[in-house]
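Here we start with a single chain on its own, the form predicted alone, put down as structure tokens.
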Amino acid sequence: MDVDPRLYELIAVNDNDIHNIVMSYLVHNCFKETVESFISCTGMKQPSDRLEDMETRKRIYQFALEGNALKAIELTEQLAANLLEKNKDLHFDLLSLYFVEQVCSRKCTEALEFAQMKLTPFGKEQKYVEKLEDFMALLAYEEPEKSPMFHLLSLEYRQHVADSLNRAILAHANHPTYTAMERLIQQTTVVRHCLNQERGKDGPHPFSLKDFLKS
């Protein structure tokens, strides 16, 4: 059994709620120009407490995405003092981006020196040992992008680190780490899953965003 789409029409949705959901997404992802246009079109009040750091967060995100992790670290320390000191996993991931960028640029000597100075100290903790071994193994390949650790060189890996950094900065400033849109989808997915488990074949199917967007 699935919900009759016609029932959706019986639920009134306030325009202001929709605007807030869209605004949450735009601010979270640092779309500053779009935020300003959206405010102008809707007449919403400007969330000044969130816009002040948006440009810096955007630069940090871009630097991390490009592999320029040292610049991302520098700006992060200016915007959110002590964040990386308290979040060693994130600090390690950022330093690893710089190491990978050096490897991709075939600057193996510089990469090794950097690893010895910045990454090796993390090896004192067991949870970082396997990660260190994977990164150092990249130096053994003339074409590291064809190595078993090729995923460490991917855009997806850089994006994962950049997203984690953005969320950490938001959390440091006591802002939500997920957009309202993401939380709605998460809640819908969990509720539909629970109903499906509870009612079995008579309950609604588990929620699929992909299928919903096609409907």
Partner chain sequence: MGGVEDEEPASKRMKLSSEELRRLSNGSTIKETVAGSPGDLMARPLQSEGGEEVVGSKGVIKKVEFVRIIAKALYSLGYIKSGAHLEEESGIPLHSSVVNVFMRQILEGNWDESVITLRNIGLTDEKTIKSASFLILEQKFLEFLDEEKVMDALKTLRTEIAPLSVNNSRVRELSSYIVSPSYHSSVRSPKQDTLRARSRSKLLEELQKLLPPTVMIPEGRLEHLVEQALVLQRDACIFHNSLDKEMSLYSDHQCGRDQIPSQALQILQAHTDEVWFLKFSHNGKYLASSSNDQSAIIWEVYETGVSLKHKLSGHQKPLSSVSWSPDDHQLLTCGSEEVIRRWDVSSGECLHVYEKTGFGMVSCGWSPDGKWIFSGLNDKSICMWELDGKELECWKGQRSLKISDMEITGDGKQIISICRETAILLLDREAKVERFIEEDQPITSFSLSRDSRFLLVNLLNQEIHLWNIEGDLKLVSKYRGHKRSRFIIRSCFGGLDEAFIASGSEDSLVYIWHRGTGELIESLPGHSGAVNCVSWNPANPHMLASASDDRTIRIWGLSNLSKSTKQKGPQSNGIHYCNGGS
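Positions refer to the first chain, counted from 1. For clarity, every value in this text was computed on a predicted model and none was experimentally measured.
Not on display, but discussed next: the form predicted together with the partner chain.
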Q) Ok, I39, A171, M149, M181: which has a heavy atom sitting within 4.5 Å of the partner chain in the predicted complex? A) M149
Q) Since exactly one of T109, N82, Q126, Q78 fits, which has a heavy atom within 4.5 Å of the partner chain in the predicted complex? A) T109
Q. Would D53, E55 and E66 all count as contacting the partner chain in the predicted complex, using a 4.5 Å heavy atom cut-off?
A. no
Q: Please run the contact check for D134 against the partner chain in the predicted complex: heavy atoms, 4.5 angstroms, yes or no?
A: yes
